[in-house]
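Here we start with a single chain on its own, the form predicted alone, put down as structure tokens.
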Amino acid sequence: MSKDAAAPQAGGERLVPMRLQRFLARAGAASRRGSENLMTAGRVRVNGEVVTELGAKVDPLVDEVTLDGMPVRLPAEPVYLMLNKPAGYLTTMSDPQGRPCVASLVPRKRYPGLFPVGRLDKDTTGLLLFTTDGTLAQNLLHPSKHVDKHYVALVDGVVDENGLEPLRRGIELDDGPCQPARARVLKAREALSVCPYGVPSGDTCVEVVIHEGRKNQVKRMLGKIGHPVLRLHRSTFGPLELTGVEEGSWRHLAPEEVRKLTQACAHLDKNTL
């Protein structure tokens, strides 16, 4: 690992040896904290050697860094894409048990360092954002800046608008109170993503909009009011809408979509000062 050489990077910026976790974050492997966890787990090698020391530095133009055996490099330009996630896939780039992962659905070899922004449960479908831009991902997922996420859920039982009021007030879960959510009952034509052939008798489709990101949060919220989730689909993530991509496929974000994501983070930064 280099200690002192400085080198130019495309675009005019000069790079000096940087901390390995910063390099991983800038390469899009994970957030800064997530990169530290990858290192301490022994998943990162530099020039073939496992590096767990958080103070270790690398020269981006000299040292070879790998994560789980895959090369990690600083991209010339960040990559942004959306996946229409099907059910049955874990939101992870690798699984020691060999279960299906979203990594197999996106161009990971073409874009080393590509990673999902947040996660969807194994049986949840819909919009999953991927990028190599660690800074943007960290902004989108920061606890104080979570962007809105729209979910469509098919739930067991008949629900009316009054039944959703606890979600709007901010329901209490076992890990603490939720922030107030937007929630409403959907008509059949609004619920095609989970009920393409109509809403089954005795069930209800609802929309829930949250900006937190706890594990299984929407399922737990609806279960708490007595209506377990049968199917769950995410239709939007911040300003992004799931359009132009079939289930199990991906597409690059349009420049306008990337601009809206960046603006959303800037807007949130301004409102959290």
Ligand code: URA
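Every value quoted in this text rests on a predicted model; they were computed, and no experiment measured them. The numbering used is simple: start at 1 and walk along the sequence shown.
Unshown form predicted in complex with the named molecule; subsequent notes refer to it.
Chemist: Is there a heavy atom of F130 lying 4.5 Å or less from a heavy atom of the named molecule in the model of the complex?
Modeler: Looking in the model of the complex, residue contacts with the named molecule do not include F130, since no heavy atom lies within 4.5 Å.
Chemist: Would L120 sit within 4.5 Å of the named molecule in the model of the complex, counting heavy atoms only?
Modeler: L120: yes, in contact with the named molecule in the model of the complex.
Chemist: Please tell me whether any heavy atom belonging to K219 falls inside 4.5 Å of a heavy atom of the named molecule, as the geometry stands in the model of the complex.
Modeler: Flag for K219 set to yes.
Chemist: At 4.5 Å between heavy atoms, is L232 in contact with the named molecule in the model of the complex?
Modeler: Output for L232 is yes: heavy atoms within 4.5 Å of the named molecule.
Chemist: Just to confirm the contact call: exactly one of 61-69, 209-217, 40-48, 243-251 touches the named molecule in the model of the complex at a 4.5 Å heavy atom cutoff, so which is it?
Modeler: Answer to the contact question: 209-217.
Chemist: Could you spot which one of T124, N139, N84, S193 gets a heavy atom to within 4.5 Å of the named molecule in the model of the complex?
Modeler: Only one listed residue qualifies here, and that residue is T124.
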